[in-house]
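Next come C-alpha coordinates for two forms of one protein chain, structure 1 first, structure 2 second.
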Structure 1
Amino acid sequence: MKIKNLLTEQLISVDLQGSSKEEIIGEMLNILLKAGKVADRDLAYADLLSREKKMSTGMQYGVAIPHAKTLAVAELTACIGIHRKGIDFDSLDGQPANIFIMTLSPVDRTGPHVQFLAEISMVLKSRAARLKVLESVSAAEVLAVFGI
(Lines of atoms letter the chains of each structure in order from A and count residues from 1; the text may use other names and numbers.)
(Lines give C-alpha, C1' and ligand atoms only; values in the text may rest on other atoms or scores of the structure.)
Protein backbone atom coordinates (compact mmCIF):
# COMPACT_ATOMS: atom_id res chain seq x y z
CA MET A 1 0.00 0.00 0.00
CA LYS A 2 1.53 3.27 -1.10
CA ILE A 3 1.60 6.20 1.32
CA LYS A 4 0.27 8.50 -1.39
CA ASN A 5 -2.83 6.32 -1.74
CA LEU A 6 -3.71 6.69 1.94
CA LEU A 7 -2.77 10.17 3.09
CA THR A 8 -4.41 13.48 2.26
CA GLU A 9 -4.27 16.89 3.93
CA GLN A 10 -7.56 16.04 5.66
CA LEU A 11 -5.77 13.18 7.47
CA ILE A 12 -3.00 15.28 8.99
CA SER A 13 -2.92 17.45 12.09
CA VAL A 14 0.11 19.64 12.77
CA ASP A 15 -1.28 20.75 16.12
CA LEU A 16 -2.26 17.83 18.37
CA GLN A 17 -3.26 19.05 21.83
CA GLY A 18 -3.67 15.90 23.94
CA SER A 19 -1.64 15.55 27.11
CA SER A 20 -1.66 11.76 27.46
CA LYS A 21 -1.35 8.66 25.33
CA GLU A 22 -5.11 8.08 25.55
CA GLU A 23 -5.93 11.66 24.57
CA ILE A 24 -3.57 11.58 21.57
CA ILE A 25 -5.07 8.29 20.39
CA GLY A 26 -8.57 9.75 20.77
CA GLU A 27 -7.63 12.96 18.98
CA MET A 28 -6.11 11.07 16.06
CA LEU A 29 -9.06 8.73 15.91
CA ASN A 30 -11.29 11.78 15.59
CA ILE A 31 -9.33 12.79 12.48
CA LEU A 32 -10.16 9.44 10.88
CA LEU A 33 -13.77 9.63 12.05
CA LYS A 34 -14.24 13.11 10.61
CA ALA A 35 -12.85 11.88 7.29
CA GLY A 36 -15.41 9.06 7.24
CA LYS A 37 -12.77 6.35 7.57
CA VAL A 38 -14.07 4.73 10.80
CA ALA A 39 -17.52 3.20 11.23
CA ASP A 40 -17.42 2.69 15.02
CA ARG A 41 -15.27 5.07 17.07
CA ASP A 42 -15.76 3.23 20.38
CA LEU A 43 -14.71 -0.11 18.92
CA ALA A 44 -11.67 1.38 17.18
CA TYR A 45 -10.62 3.22 20.36
CA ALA A 46 -10.96 0.04 22.45
CA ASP A 47 -8.92 -1.92 19.90
CA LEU A 48 -6.18 0.74 19.85
CA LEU A 49 -5.94 0.81 23.65
CA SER A 50 -5.94 -2.99 23.79
CA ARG A 51 -3.00 -3.02 21.39
CA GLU A 52 -1.16 -0.44 23.52
CA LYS A 53 -1.63 -2.60 26.64
CA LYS A 54 0.08 -5.53 24.91
CA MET A 55 3.09 -3.41 23.96
CA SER A 56 3.57 0.29 23.51
CA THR A 57 3.71 1.58 19.95
CA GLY A 58 6.09 4.35 21.02
CA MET A 59 9.17 3.71 18.92
CA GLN A 60 12.33 5.83 18.99
CA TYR A 61 13.45 9.30 17.96
CA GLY A 62 10.12 10.93 18.84
CA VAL A 63 7.97 8.65 16.68
CA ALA A 64 4.95 6.62 17.78
CA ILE A 65 2.85 4.42 15.55
CA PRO A 66 -0.40 3.58 17.33
CA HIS A 67 -2.15 0.89 15.31
CA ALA A 68 -4.71 -1.87 15.56
CA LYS A 69 -6.69 -4.38 13.62
CA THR A 70 -10.37 -3.64 14.02
CA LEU A 71 -13.82 -4.38 12.67
CA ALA A 72 -14.40 -0.61 12.72
CA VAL A 73 -12.75 -0.13 9.30
CA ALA A 74 -13.36 -1.72 5.92
CA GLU A 75 -9.90 -0.94 4.56
CA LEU A 76 -6.51 0.23 5.76
CA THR A 77 -6.62 3.83 6.86
CA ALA A 78 -4.03 6.14 8.37
CA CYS A 79 -3.43 9.63 9.69
CA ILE A 80 -0.48 11.67 10.91
CA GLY A 81 -0.30 14.03 13.86
CA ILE A 82 2.35 16.30 15.31
CA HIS A 83 2.50 17.33 18.95
CA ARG A 84 4.87 20.26 19.43
CA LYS A 85 5.79 19.60 23.08
CA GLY A 86 5.92 15.82 22.94
CA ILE A 87 4.00 13.23 24.94
CA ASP A 88 5.17 10.36 27.11
CA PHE A 89 4.19 7.37 24.95
CA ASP A 90 6.23 4.69 26.73
CA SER A 91 8.68 4.81 23.84
CA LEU A 92 11.47 2.29 23.45
CA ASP A 93 14.10 4.98 24.01
CA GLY A 94 12.23 6.62 26.90
CA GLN A 95 11.90 9.90 25.00
CA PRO A 96 8.65 11.80 24.38
CA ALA A 97 6.88 11.26 21.06
CA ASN A 98 6.14 14.19 18.74
CA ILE A 99 5.29 12.46 15.46
CA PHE A 100 2.32 10.11 15.46
CA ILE A 101 1.31 7.81 12.63
CA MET A 102 -1.97 6.01 13.33
CA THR A 103 -3.10 3.07 11.25
CA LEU A 104 -6.21 0.95 11.46
CA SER A 105 -6.65 -2.13 9.34
CA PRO A 106 -9.34 -4.76 8.90
CA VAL A 107 -8.87 -7.86 11.05
CA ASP A 108 -8.61 -10.16 8.04
CA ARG A 109 -5.88 -8.33 6.11
CA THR A 110 -2.16 -8.04 6.83
CA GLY A 111 -0.26 -7.18 3.65
CA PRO A 112 -1.23 -3.52 3.07
CA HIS A 113 -0.66 -2.65 6.74
CA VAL A 114 2.87 -4.06 6.73
CA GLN A 115 3.71 -2.36 3.40
CA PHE A 116 2.46 1.01 4.67
CA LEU A 117 4.49 0.76 7.89
CA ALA A 118 7.58 -0.17 5.89
CA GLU A 119 7.17 2.91 3.67
CA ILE A 120 6.63 5.20 6.67
CA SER A 121 9.66 3.72 8.42
CA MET A 122 11.88 4.26 5.38
CA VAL A 123 11.11 7.98 5.50
CA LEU A 124 11.16 8.48 9.26
CA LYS A 125 14.44 6.64 9.82
CA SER A 126 16.08 9.79 8.48
CA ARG A 127 16.76 12.42 11.14
CA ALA A 128 16.45 15.12 8.47
CA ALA A 129 12.98 13.86 7.48
CA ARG A 130 11.83 13.78 11.11
CA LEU A 131 13.04 17.36 11.59
CA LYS A 132 11.21 18.47 8.43
CA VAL A 133 8.01 16.88 9.71
CA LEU A 134 8.41 18.64 13.07
CA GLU A 135 9.08 21.96 11.35
CA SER A 136 5.99 21.63 9.16
CA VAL A 137 3.26 24.18 9.80
CA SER A 138 0.77 22.75 7.31
CA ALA A 139 -0.54 19.38 6.23
CA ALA A 140 0.83 20.05 2.74
CA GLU A 141 4.35 20.44 4.15
CA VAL A 142 4.05 17.12 6.01
CA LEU A 143 2.88 15.37 2.84
CA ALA A 144 5.84 16.83 0.96
CA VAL A 145 8.25 15.12 3.36
CA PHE A 146 6.66 11.81 2.36
CA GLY A 147 6.89 12.68 -1.32
CA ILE A 148 3.20 13.37 -1.77
Structure 2
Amino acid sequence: MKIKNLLTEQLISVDLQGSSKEEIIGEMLNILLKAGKVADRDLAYADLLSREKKMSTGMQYGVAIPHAKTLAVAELTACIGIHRKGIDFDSLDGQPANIFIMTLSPVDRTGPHVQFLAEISMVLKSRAARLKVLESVSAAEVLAVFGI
Protein backbone atom coordinates (compact mmCIF):
# COMPACT_ATOMS: atom_id res chain seq x y z
CA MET A 1 0.00 0.00 0.00
CA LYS A 2 1.54 3.31 -1.04
CA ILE A 3 1.26 6.23 1.38
CA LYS A 4 0.51 8.61 -1.50
CA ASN A 5 -2.57 6.58 -2.46
CA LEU A 6 -4.16 7.26 0.92
CA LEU A 7 -3.07 10.71 2.03
CA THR A 8 -4.22 14.00 0.56
CA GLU A 9 -4.04 17.59 1.87
CA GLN A 10 -7.65 17.24 3.00
CA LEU A 11 -6.55 14.53 5.44
CA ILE A 12 -3.90 16.63 7.20
CA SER A 13 -4.37 19.03 10.08
CA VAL A 14 -1.38 21.13 11.11
CA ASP A 15 -3.11 22.67 14.09
CA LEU A 16 -5.01 20.24 16.30
CA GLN A 17 -6.70 21.98 19.25
CA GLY A 18 -7.77 19.12 21.55
CA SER A 19 -6.31 18.95 25.04
CA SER A 20 -6.88 15.27 25.87
CA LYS A 21 -6.50 11.90 24.17
CA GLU A 22 -10.27 11.66 23.64
CA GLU A 23 -10.49 15.15 22.15
CA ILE A 24 -7.59 14.56 19.77
CA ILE A 25 -9.12 11.27 18.57
CA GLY A 26 -12.51 12.97 18.12
CA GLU A 27 -10.92 15.88 16.23
CA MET A 28 -9.04 13.56 13.88
CA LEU A 29 -12.15 11.47 13.30
CA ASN A 30 -13.90 14.68 12.20
CA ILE A 31 -11.21 15.09 9.50
CA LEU A 32 -12.00 11.62 8.17
CA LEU A 33 -15.74 12.23 8.48
CA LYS A 34 -15.48 15.48 6.52
CA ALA A 35 -13.55 13.65 3.77
CA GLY A 36 -16.37 11.08 3.60
CA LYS A 37 -14.14 8.25 4.76
CA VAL A 38 -16.11 7.18 7.86
CA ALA A 39 -19.70 5.96 7.74
CA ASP A 40 -20.37 5.83 11.49
CA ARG A 41 -18.41 8.30 13.63
CA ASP A 42 -19.66 7.01 16.99
CA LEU A 43 -18.72 3.42 16.20
CA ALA A 44 -15.25 4.40 14.95
CA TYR A 45 -14.73 6.55 18.06
CA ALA A 46 -15.75 3.69 20.36
CA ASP A 47 -13.44 1.23 18.55
CA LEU A 48 -10.49 3.64 18.71
CA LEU A 49 -10.97 4.24 22.44
CA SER A 50 -11.41 0.51 23.05
CA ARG A 51 -8.03 -0.07 21.35
CA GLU A 52 -6.46 2.70 23.49
CA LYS A 53 -7.86 1.05 26.60
CA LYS A 54 -6.03 -2.20 25.82
CA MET A 55 -2.73 -0.37 25.32
CA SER A 56 -1.94 3.20 24.54
CA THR A 57 -0.77 3.94 21.00
CA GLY A 58 1.43 6.77 22.28
CA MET A 59 4.93 5.71 21.19
CA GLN A 60 8.16 7.64 21.72
CA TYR A 61 9.58 11.05 20.74
CA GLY A 62 6.16 12.69 20.40
CA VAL A 63 4.66 10.20 17.92
CA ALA A 64 1.27 8.53 18.49
CA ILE A 65 -0.46 6.12 16.15
CA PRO A 66 -4.12 5.71 17.19
CA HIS A 67 -5.60 2.92 15.10
CA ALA A 68 -8.41 0.36 15.14
CA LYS A 69 -10.28 -2.19 13.14
CA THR A 70 -13.84 -1.05 12.71
CA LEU A 71 -17.04 -1.69 10.77
CA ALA A 72 -17.31 2.08 10.34
CA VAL A 73 -14.98 2.07 7.31
CA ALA A 74 -15.12 0.12 4.06
CA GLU A 75 -11.44 0.51 3.25
CA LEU A 76 -8.17 1.48 4.91
CA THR A 77 -8.20 5.20 5.74
CA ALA A 78 -5.65 7.46 7.37
CA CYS A 79 -5.07 11.03 8.47
CA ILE A 80 -2.26 13.01 10.11
CA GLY A 81 -2.52 15.70 12.76
CA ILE A 82 -0.03 18.02 14.50
CA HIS A 83 -0.54 19.51 17.93
CA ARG A 84 1.77 22.48 18.45
CA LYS A 85 2.16 22.19 22.24
CA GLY A 86 1.81 18.44 22.58
CA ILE A 87 -0.56 16.58 24.89
CA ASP A 88 -0.38 13.71 27.33
CA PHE A 89 -1.16 10.54 25.35
CA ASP A 90 0.08 7.90 27.85
CA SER A 91 3.16 7.49 25.68
CA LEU A 92 5.77 4.78 26.26
CA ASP A 93 8.43 7.38 27.15
CA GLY A 94 6.02 9.51 29.20
CA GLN A 95 6.61 12.50 26.92
CA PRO A 96 3.76 14.56 25.38
CA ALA A 97 2.70 13.54 21.85
CA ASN A 98 2.52 16.11 19.07
CA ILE A 99 2.48 14.07 15.82
CA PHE A 100 -0.58 11.85 15.37
CA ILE A 101 -1.12 9.29 12.64
CA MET A 102 -4.56 7.75 12.71
CA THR A 103 -5.49 4.67 10.66
CA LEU A 104 -8.80 2.83 10.53
CA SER A 105 -9.02 -0.52 8.79
CA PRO A 106 -12.09 -2.55 7.90
CA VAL A 107 -12.89 -5.74 9.80
CA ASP A 108 -12.43 -9.06 7.93
CA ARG A 109 -10.82 -7.54 4.85
CA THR A 110 -7.43 -8.82 3.75
CA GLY A 111 -4.99 -6.04 3.01
CA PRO A 112 -1.72 -4.44 4.06
CA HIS A 113 -3.19 -2.53 7.01
CA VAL A 114 -0.52 -3.04 9.64
CA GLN A 115 2.08 -2.75 6.86
CA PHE A 116 0.74 0.71 6.03
CA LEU A 117 0.96 1.77 9.65
CA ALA A 118 4.53 0.47 9.78
CA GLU A 119 5.44 2.16 6.51
CA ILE A 120 4.18 5.57 7.63
CA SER A 121 5.79 5.18 11.06
CA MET A 122 9.13 4.33 9.44
CA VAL A 123 9.17 7.77 7.78
CA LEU A 124 9.09 9.34 11.23
CA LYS A 125 11.85 7.14 12.60
CA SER A 126 14.47 9.86 12.16
CA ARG A 127 14.59 12.96 14.32
CA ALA A 128 15.09 15.13 11.23
CA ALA A 129 11.83 13.92 9.66
CA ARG A 130 9.90 14.52 12.89
CA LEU A 131 11.33 18.04 13.16
CA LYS A 132 10.35 18.76 9.56
CA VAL A 133 6.77 17.66 10.27
CA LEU A 134 6.62 19.84 13.37
CA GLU A 135 7.99 22.84 11.44
CA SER A 136 5.38 22.43 8.70
CA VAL A 137 2.78 25.16 8.50
CA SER A 138 0.77 23.69 5.64
CA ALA A 139 -0.62 20.28 4.69
CA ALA A 140 1.53 20.31 1.55
CA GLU A 141 4.71 20.63 3.64
CA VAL A 142 3.68 17.66 5.80
CA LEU A 143 2.95 15.56 2.72
CA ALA A 144 6.36 16.50 1.32
CA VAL A 145 8.03 14.83 4.34
CA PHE A 146 6.22 11.62 3.34
CA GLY A 147 7.47 12.01 -0.23
CA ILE A 148 4.09 13.08 -1.63
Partner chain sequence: MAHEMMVLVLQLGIIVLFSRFFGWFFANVLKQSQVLGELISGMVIGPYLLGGIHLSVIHGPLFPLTGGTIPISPELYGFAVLGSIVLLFVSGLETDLPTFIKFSGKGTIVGLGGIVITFLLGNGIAVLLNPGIPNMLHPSALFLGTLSTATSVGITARILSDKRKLSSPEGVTILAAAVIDDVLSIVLLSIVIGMSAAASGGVGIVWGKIGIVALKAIGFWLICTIVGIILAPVFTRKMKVFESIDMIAGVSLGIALILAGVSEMFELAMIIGAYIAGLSFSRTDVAHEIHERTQGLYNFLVPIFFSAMGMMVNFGAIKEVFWFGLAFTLLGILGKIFGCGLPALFAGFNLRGAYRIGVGMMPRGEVTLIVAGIGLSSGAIGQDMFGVAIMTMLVASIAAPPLIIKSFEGGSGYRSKALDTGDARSHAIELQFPNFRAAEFMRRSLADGFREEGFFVHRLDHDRLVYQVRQNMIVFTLLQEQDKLILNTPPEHESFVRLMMMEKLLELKDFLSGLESMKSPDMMGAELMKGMFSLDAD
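The term rigid core refers to the most C-alpha atoms you can superpose between the two forms while keeping them within 1.5 Å. Structure 1 provides the reference sequence; residues are numbered from 1 along it. Everything quoted here is computed from the prediction, not taken from an experiment.
Peer 1: Looking at the two shown chains, say which is the form predicted alone.
Peer 2: Answer to the question: structure 1 is the form predicted alone, whereas structure 2 comes from elsewhere.
Peer 1: Following rigid core alignment, is the displacement of the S50 C-alpha between structure 1 and structure 2 equal to or greater than 2 angstroms?
Peer 2: Moves: no, less than 2 Å.
Peer 1: If we fit on the core, is the Cα of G111 displaced 2 Å or more between structure 1 and structure 2?
Peer 2: It does, since the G111 C-alpha is displaced 2 Å or more between structure 1 and structure 2 after the core fit.
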